[in-house]
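Only one chain is shown below, in structure tokens, and it's the form predicted alone.
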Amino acid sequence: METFRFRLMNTDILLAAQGTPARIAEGFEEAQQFIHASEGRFSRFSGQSELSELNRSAGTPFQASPDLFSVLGLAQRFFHQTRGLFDPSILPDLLRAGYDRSMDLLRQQGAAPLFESLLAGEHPSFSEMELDERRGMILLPPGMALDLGGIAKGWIAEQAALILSEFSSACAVNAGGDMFLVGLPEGEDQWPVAIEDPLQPENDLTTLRVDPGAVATSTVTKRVWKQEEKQRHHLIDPRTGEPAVTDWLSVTVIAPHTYEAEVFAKALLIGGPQESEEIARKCGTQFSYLAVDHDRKIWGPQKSLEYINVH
């Protein structure tokens, strides 16, 4: 299987495909171009992106592209399915915690001073966003600003994999742990997918065997920074407006779609053991999950544990 690696969306991206070399090279180029264009649409770090235009329009109707409207429709559904643990309107809290520029720049330059983030501010509920499907219009209430980083990344990874599949017999796209798998590698009856050790990412804890579809992992140990002497990470708990305090270090979700896997990996990681079972049972979306705790022990429903390759 041929591979192609590059960095976009402030994350490492891996494309993998099998087939004829010329067709695969063409597919790699098409998929990369799509990811690059999508980053320009969904990035909150570019003042020229469509998402930034939407955030500046809060209080007035905004004519959205079909892609942005589609992702926001998904976001609205998952906000309710996760009982608000997935909430794109936490952008003001992310900024307050120091995540006010891309992760690459944040690691180079450091975060804003801690005194700017002592108190979580009030902002409108994401449930107040209005979507007019007939006209493709979005209305954010005054004071709302959105970060679509995770769900957009999952959506982009899946769309890129579908593009790549037109040039290959089997392929995968992995965008920083959000992956979509199409077909099966030659000689395999399932895809092998490793679960990293959250404390030592160069090591794997185990390997899953999964069917074509989506796998996503969310962790509190990768996108981290210091605000003065305080350790911060990018997963904001909407209930507190602060980086989540959780019993788990990472959650991996297996689902039909990458945006589903990404959203529920994040929501379950924030919610921890207390919330996860109930969300999985009542949300209306079918998925399996495995969580890694601070002792590197893997937790999950019995059906989910069956994905672990014990051979």
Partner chain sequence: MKIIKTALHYWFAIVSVFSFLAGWGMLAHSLKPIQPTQVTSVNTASLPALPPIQAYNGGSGNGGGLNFSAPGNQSNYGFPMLRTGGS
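Since this is a predicted model, take the numbers as computed values, not measurements. Positions refer to the first chain, counted from 1.
There is another form of this protein, the form predicted in complex with its partner chain, and it is not shown here; the text below is about that form.
Not displayed here, its partner chain is kept clear of Gln108 by more than 4.5 Å at the level of heavy atoms in the model of the complex. Contact annotation: Thr206 falls within 4.5 Å of its partner chain in the model of the complex, judged by heavy atom distances. Remark: Gly136 does not count among the residues lining its partner chain in the model of the complex, judged by a heavy atom distance of 4.5 Å or less. Not displayed here, its partner chain is kept clear of Arg96 by more than 4.5 Å at the level of heavy atoms in the model of the complex. Within 4.5 Å of its partner chain in the model of the complex, a heavy atom is found for none of His80, Asp132 and Thr258. Residues of just one listed stretch (85-93, 157-165, 137-145, 179-187) have heavy atoms within 4.5 Å of its partner chain in the model of the complex: 179-187. Distance criterion of 4.5 Å from any heavy atom to its partner chain in the model of the complex singles out Glu278 from the list Glu53, Glu26, Glu278, Glu242. Checked against its partner chain in the model of the complex, the residues Leu74, Val193, Ala112, Ala170 give one hit for a heavy atom within 4.5 Å, which is Val193. Shown without its partner, the chain has Met1, Thr3, Arg5, Arg7, Thr11, Asp12, Ile13, Leu14, Leu15, Ala16 in segment 1-38 as residues with a non-hydrogen atom within 4.5 angstroms of its partner chain in the model of the complex.
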